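Next up: a single chain in structure tokens, the form predicted alone.
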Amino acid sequence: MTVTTSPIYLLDVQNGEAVVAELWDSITERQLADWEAEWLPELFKAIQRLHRAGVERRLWPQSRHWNWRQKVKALQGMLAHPGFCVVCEGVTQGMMIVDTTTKRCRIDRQKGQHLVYVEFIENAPWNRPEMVTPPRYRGIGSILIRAAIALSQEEEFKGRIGLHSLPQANGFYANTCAMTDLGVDPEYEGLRYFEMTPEQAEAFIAKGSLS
């Protein structure tokens, strides 16, 4: 498998400086090994801290049950479900899987048109402010959303993307990404559905890589 990497920058939160990283257009065995050896132990320690601090279970990381090895295996070889990841200092910092064929737009003025649907997107535990203070790197989520927009443009979908959001990420998609909130979807685990128009995609890209 040929993997294309592109240079990007993340923000080192502690010193406020930009650091060189890479965007990969695939999720490989290396990412899955990072998830098992690096992400899961940190996730477990974060949950222990929340538990010992008396934080209610409903406020724990809502993606804690995600199994990236199972997700990638289920979609392996399906060209309509490409994966992306961000790598910095030799470790995977975030992953995303998208769907380019089965979903359609819901916003009235683009209803029924093609879009890139973000199936799964997740930051490494040490980059999530709800789990670690301060987080290590900032910008991973925005870079992955930009990758989804770029793929949408390559597919001639004009930057249109859509996704169902875990409640803890609603603010990111509504405020940082400025996507349209179409409300709770009772047919998708009661999660809110967000969609981005071509104009919103252009505005998001114009904000810059570390937004």
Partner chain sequence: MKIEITKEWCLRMAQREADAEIGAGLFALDPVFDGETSSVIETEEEPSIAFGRFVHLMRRQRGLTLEKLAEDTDVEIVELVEIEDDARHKPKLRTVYQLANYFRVPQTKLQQIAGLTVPRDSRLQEEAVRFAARSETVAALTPEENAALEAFIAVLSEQK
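Because the structure is predicted, anything quoted here is derived from the model rather than measured. Positions refer to the first chain, counted from 1.
One more form of this protein, predicted in complex with the partner chain, exists but is not displayed; see below.
J.: Give a yes or no on whether every one of 87, 90 and 156 sits within 4.5 angstroms of the partner chain in the model of the complex by heavy atom.
T.: No, the whole trio is out of contact, none within 4.5 Å by any heavy atom.
J.: So in the model of the complex, does any heavy atom of residue 170 sit within 4.5 Å of the partner chain?
T.: Although the partner chain is absent here, residue 170 would touch it in the model of the complex, with heavy atoms inside 4.5 Å.
J.: Even though the partner isn't displayed, in the model of the complex is residue 199 close enough to the partner chain, meaning a heavy atom within 4.5 Å?
T.: So residue 199 does not count as contacting the partner chain.
J.: If we define contact as a non-hydrogen atom of the residue within 4.5 angstroms of the partner, is residue 48 a contact of the partner chain in the model of the complex?
T.: Answer no; every heavy atom of residue 48 is more than 4.5 Å from the partner chain in the model of the complex.
J.: If you check in the model of the complex, is residue 32 within 4.5 Å of the partner chain, heavy atoms only?
T.: No.
J.: Taking the partner chain as it sits in the model of the complex, which residues of 45 to 68 have a non-hydrogen atom within 4.5 Å of it? Please list them.
T.: In sequence order, 57, 58, 59, 62, 64, 65, 66, 67 come within 4.5 Å of the partner.
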